[in-house]
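In the structure tokens that follow, a single protein chain appears in two forms: structure 1, then structure 2.
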Structure 1
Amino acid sequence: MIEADAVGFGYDDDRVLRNVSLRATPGETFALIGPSGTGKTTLLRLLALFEPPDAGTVRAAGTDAWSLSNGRRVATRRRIGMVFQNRSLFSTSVAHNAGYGLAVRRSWPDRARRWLRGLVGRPPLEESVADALETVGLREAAHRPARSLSAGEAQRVAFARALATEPDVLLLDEPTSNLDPRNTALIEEAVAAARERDIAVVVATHDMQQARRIADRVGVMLDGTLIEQGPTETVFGDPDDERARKFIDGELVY
């Protein structure tokens, strides 16, 4: 549903991405691996339509997303969910965080009404928010302040925030980088569940074992280029590119 075609991008003058093409397919998990600073986050931001590429096209449902009107592009963005590498929760309740995506999709009068009701008492948890929190095992924490959560719990709430809007595409940037094995397993289960629901998942990760566990396809990124991509077994078992092989074998040390 979301696709990068020969994309190039740079902050100021530095070329960060060069000629990158990849496609996120429904029901498939694509793992983006590669050393630090090679442009994985930058690529995910382009796929999330944060900014237009300098070269090439980012297509959503077959259409160049940056040829769309502003309103249409917002609608397109709302089919995409993203979880960030670093802590990104609002300093409100867990429920508010998880429900934020739904909240911004409501009409202004509806939002005003709910806001006023919230001043009087606690609004009931919407079903999809409750489900999303349930998926990450934090249903009970709904009314806790987000700032009181541990890093692992916060990451799971961020995941729930993306899930609650029932996106077609889920972009995950190192979703388990500072989590313990239990939290990591919870997130990986949630990714598997998303995949079952026909969501297209793109996950950037440093953890090659994780890529093997959860990905259908893998792309190896080096210096802003996808030097190798293909089915997980092929990339890990018999990569074409020599540097990709070295990276996977742990010889390419940065």
Structure 2
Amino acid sequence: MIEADAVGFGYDDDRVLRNVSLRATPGETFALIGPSGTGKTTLLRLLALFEPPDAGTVRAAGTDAWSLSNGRRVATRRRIGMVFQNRSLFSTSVAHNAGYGLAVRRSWPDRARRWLRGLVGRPPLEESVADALETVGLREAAHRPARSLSAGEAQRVAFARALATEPDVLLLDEPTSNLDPRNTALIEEAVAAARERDIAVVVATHDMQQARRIADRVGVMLDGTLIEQGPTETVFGDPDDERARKFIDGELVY
């Protein structure tokens, strides 16, 4: 489980997040919707433990993550996977890219050996990597060079890289932005597969129809504040906050 409790964050006088609270539980997909610049990506970065909030608390499995020793916090961070909007792949094979997250968790000598094997040969796929590639529909492309992939395929590899580490929490930042319908559908199927594995998924998306399709619960963010959250159909069908209703109906434009 990952949760934010009255979290705030900013730079000097620029407040990016204000008093944000949410919880994502195992086997649940929580979608964050809202206009660009309202703090969705920043919130995901705090949940990923990339940096601490300057107000409030981020908890993982009920414990304040930033009260832990550095070693325990790193171990906690390794149970959290994140897929960024702008995917970055190495100029090696699909399998090598999908397994990179596992590789960096190993000792340096073993990491170096596996890195070299990935460059010069075709080592057997590890089970978790093979399973992750199967989930995103790229098992047969395991030994293709990553540079030969389309943008949608590259994003699916980035998703597989996060899944291969078998995380407890998966954070997705606009995972289907600018993708064609087929790749969008495959990634949404992978989100459903993560949910079935009891992973807590938090996804930030501009696509409100996507949020409606994949999410158990939805939160609406405006001006760095989570103004509405609840079951998906309740938020879309009968939100309490008038600003949330106007945003969902397209009347509130930023």
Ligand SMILES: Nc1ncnc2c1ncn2[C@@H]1O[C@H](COP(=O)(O)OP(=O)(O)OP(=O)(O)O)[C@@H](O)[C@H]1O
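Counting starts at 1 with the first residue of structure 1 and goes up one by one along its sequence. Take the two forms, superpose them, and find the largest set of C-alpha atoms that agree within 1.5 Å; that set is the rigid core. Here the structure is a predicted model, which means the values were calculated and not measured.
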- Message: Of these two forms of the chain, identify the one that is the form predicted alone.
- Response: 2
- Item | After fitting the core, residue 93 CA displacement of 2 Å or more between the two structures | yes
- Task: Check the Cα of residue 13 between the two structures on a core superposition and give its shift in Å.
- Result: 3.0
